[in-house]
Structure formats: C-alpha cells, structure tokens
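One chain comes next, on its own, written as structure tokens: the form predicted on its own.
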Amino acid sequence: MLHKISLGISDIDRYRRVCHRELIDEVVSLGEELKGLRLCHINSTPFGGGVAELLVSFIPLLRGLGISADWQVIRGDHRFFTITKGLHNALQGAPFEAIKKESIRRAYLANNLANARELDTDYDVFIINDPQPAALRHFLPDHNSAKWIWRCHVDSSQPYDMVWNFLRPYIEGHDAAVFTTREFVPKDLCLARIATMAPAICAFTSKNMFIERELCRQLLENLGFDRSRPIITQVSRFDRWKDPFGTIAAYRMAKKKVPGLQLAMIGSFAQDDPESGDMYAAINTEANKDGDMFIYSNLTGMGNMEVNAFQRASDVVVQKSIREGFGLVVAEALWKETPVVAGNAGGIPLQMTGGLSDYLVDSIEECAEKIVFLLYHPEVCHRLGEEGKRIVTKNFLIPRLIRDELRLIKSLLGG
C-alpha cells in the first residue's frame, strides 16, 4: 500500500478569532452535510513545496469537521521524478523534448500503474495534485463510484504543447479539474467541471503563529546577522522559476544604495525535485563571494519556526518569481505584516492588490528600486504591512479553501 501521512485532528473553531463568522458557519455546515465522506488527497512528496505545506494543515481540519480525510504519497525513483520535473516545468511553458521518446512516456505510465495497484481505493473522492500522479485514474477504470478531481498548482496557461497533448487525456479522465485562476486553464481542456480556487495558509502553524519581532531579530543575530543593519529575505524552493539569481542581482544593486544590506535565501528540498541540488550548489557559490549573503535550507536546520522568524524579522521579503502558481510564501509574509516585493507573475497578483500592487516587478532593476524605496520609507512598510494582513485575512486563510473544496465535492456528489 502507498504511504499514508500520519496526522491528527484540528478544530476549525479556532479560526473564529480571525475569520468572519459566516465563513466558519458555512464550513461547519458543509462538514455536517458531508460527514463521513471518505476523501483522499494524493501527491508526490510529504515535505518541501506548497502542496505538502497545505495538506499538513488541511487534512486535520477536514477530520475535525467529521470528514474521513487521508493523504497518500506516491512512490518513484530518480528517473521518474526527473521526468515529472520536466512535465512540471513544461506545464509552465518550458520545452521538454524528452517527451517525444516512447521510453519516457512508458516510464511515466508504468510508475502510475504501479502506484495505482498499491493505492488504497476505499474512498468516495480522490484529489490528485499536479502532474506526477495524473494518470492514476486511467489505471483504475473499475473504480467508477468515486469522484476524481485533478488539482493543478502551477501556471499552466501556456503549457508546452507536446507535454500538454500527452497529459491532457489523463486529466480529462477526471470528473473535475481545479486551477488557481481562470487564466491558468489551458484553452483546449475538455471537462464538464472546471473550478478555480486559490491556495491558502494556516494561521496557527509554527510557520505562521505569532512571535514577537524582537525575539525573531535575536534568532537572526544568533545565525550571524547584524540586527542593526537591514535584512531582506527570499523563501522558496531551489527552483529556476523562483529566479534566485535575479534576487541576488537585485540585492547587489540595492546594496549600492543601502550599504550594509544583508540577504537571506531560504530554500527547501523535496524528494520529487531532482534539480534542486544543483541549484542549491550554484546559489551557494554566489553566497561565498559575499559575507552579507546567507543560504539556508530545510536540510540545514531551517524549520518552519525559523522561516517564521525570518519573515517577521526581515525589513522586506522578496519573491522574484518569473512563473508562480500562487506563491504561499507571499501570503505568509503579508500575514506577518512584512512588506513584499514580488514578481508580477502567476498567482502573486491575486494576493498583492490595492497599494501592494505597486510592488509587483517585471525586472531586476525594478526589484532593486522597490527594495531601496521601502528600506528608506519605514512608514510605507508599516502601511503595506497592515494592508497585506487584511488581504490575507479576508481571502487566503485555510477555512476559505476548505469551503471552496467542499462546495465542489458537494456539487460533484449531486448536492
């Protein structure tokens, strides 16, 4: 059998302190209507990346609502995850010529078949996350009573044609597909039900719980930072779409106008991302040239609490993505009332509306300019911090996402 992630039960009522009562009441009502529903999320890694980050909080809250929710993780070797990383990149528009090879297609499908044979199928609804397990449904044709939903977490608005033509029949075998925004839906996808819902963060995890900023600055000082000088931070996977070298270039430009500026780059490794090691090594090479630049990862003691501290203690958080499905780290920083300078890409503009939209950037030069402006205008940082927290509280906390998913499931089950 596939590995099931061991998780507990969490109470949605704690969100009554931060969310509108009407939202929590609706979530509780949906839970009562769907009580006993057997629901299973499936993805390709238990750690590192936004999907795992979401499910750690999402599944316990569903269980607290009376839904029998589980999370299963597929297996794969290095070759399989190298292929699926290519598929992942191709959904975001990058070429992946290897998909022309019959051996590559066979390897992908053989892995999905092997995982389908080990899948616990005793569920009413399956939610398949991203391309890695997208063909599972194809290999379970007799399991017709369950509803199958494919959830795309990347910007698939302009996918690489050959890869999309390969994946599309397997995706269209699902009962519904979910995208972050309508713009991400490929134009030729033919499904009776296509829904949009943005991801969300959990306010009460160790990554997002409240910590005094002074304590956070002390933690950074213990790691070698000079707390008397400004600090900017980028938190993301070690992935080319996050444009880490663009962030480094913007930092170097900004430092010419803000002497003593310090940069923290915090990344994560995931077992389904074989490219991350090379990226980490290349970023480390750059960091070794600058005593004010620090690189951390989830393999070197940088856990959720430490990320929380960095996002709260930093003067500015940078997320210079050039492709982005959503960017949970943007919502995390905004929740902590830290100003964000971010790439004008994918799902990031959903979060940075109103005055925050002035800090969406399209170039390294613009990124550096915005960083410098904020560092010299703390009153603007304060205003943006307050506005950011209001936006996240209203739109991007996890009860809203639970509501959206349960509404979709209810409609698929016939209301």
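Residue indices: 1-based, along the sequence shown. Computed from a predicted model, the values in this text were never measured in an experiment.
Absent from the display: the form predicted together with a small molecule. The rest refers to it.
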For this session: Scan G267, G343, P244, P159 and let me know which has any heavy atom within 4.5 Å of the small molecule in the predicted complex.
Result: G267
Exercise. Just one of K320, R137, R312, K207 has a heavy atom within 4.5 angstroms of the small molecule in the predicted complex, so which one?
Worked result: K207
Exercise. Picking from 172-180, 235-243, 69-77, 281-289, which part of the chain touches the small molecule in the predicted complex when contact means heavy atoms within 4.5 Å?
Worked result: 235-243
Exercise. Does E332 make contact with the small molecule in the predicted complex, using a 4.5 Å heavy atom cut-off?
Worked result: yes
For this session: Answer with yes or no whether G327 is in contact with the small molecule in the predicted complex, where contact means some heavy atom within 4.5 Å.
Result: yes
Problem set entry | the small molecule contact at G49 in the predicted complex, heavy atom, 4.5 Å | yes
For this session: Would you please decide whether L261 lies within 4.5 angstroms of the small molecule in the predicted complex, comparing each non-hydrogen atom pair?
Result: no
